[in-house]
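A single chain comes next, written as structure tokens; it is the form predicted on its own.
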């Protein structure tokens, strides 16, 4: 079975001075998750670990360094899903350093799919996940992401299982309580062991209307990943007037990448090498 892990660092403008740094960190995220896959670990563990690497870097709009809402607060969303349709997600959380790991606990320790705001943070404390002062998630001026939107990963493991993870600080200056596509299955992420997995990034309102990742994975029934990604993105753009991008992985490990924004940093395994790009050539 081919192993594969793909990560993205968010669709947007992205200052040229940050390109090398974001590509390097995306490669690091792939390397971290891939090491687990090569040890026989699950796609689910690999995407969680890769996403945590990006959440911990203020260059990306997720976890530490998330953008601020209109009230000057961090409010983060995240989702994790495996190819057997197990789902965990959180939204509008402000006191958890790695929202993707809290989403994993929702998946594994509750009968629910999505917890939000204070209730999600109370659950985190019950699960032994430390709550941090919200201000500690705000990066110093100049260190935080100015352009990116959302991070995420898709993976295929040695047993043929796929998984997706998504994490974001959301739209800069959003209304307090606004939730985008990232924690919504079928919008921010979707995984199906029979077909593959997809992860989206961009302006969430359009992605929600398009059900972008469910649409892209379903298109794998008849198209290769690159063609499926491009077709799904075309529908997002033409029918729903949306901006963003997605990464897509089929059950054989083939990769698709598409975006209609100037830049979207992506890294994945190609042969024996981890490759990265900030825009499609």
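Predicted model, so just to flag it, every value in this text is computed and none were measured. Numbering follows the first chain given and starts at 1.
The discussion below concerns the form predicted together with aspartic acid, not included here.
Exactly one of the stretches 102 to 110, 203 to 211, 87 to 95, 129 to 137 approaches aspartic acid in the predicted bound form with heavy atoms within 4.5 Å, and it is 203 to 211.
Taking the partner from elsewhere, residue 114 is found to have every heavy atom lying beyond 4.5 Å of aspartic acid in the predicted bound form. Among heavy atoms of residue 170, some come within 4.5 Å of aspartic acid in the predicted bound form. The shortest heavy atom separation between residue 180 and aspartic acid in the predicted bound form is within 4.5 Å.
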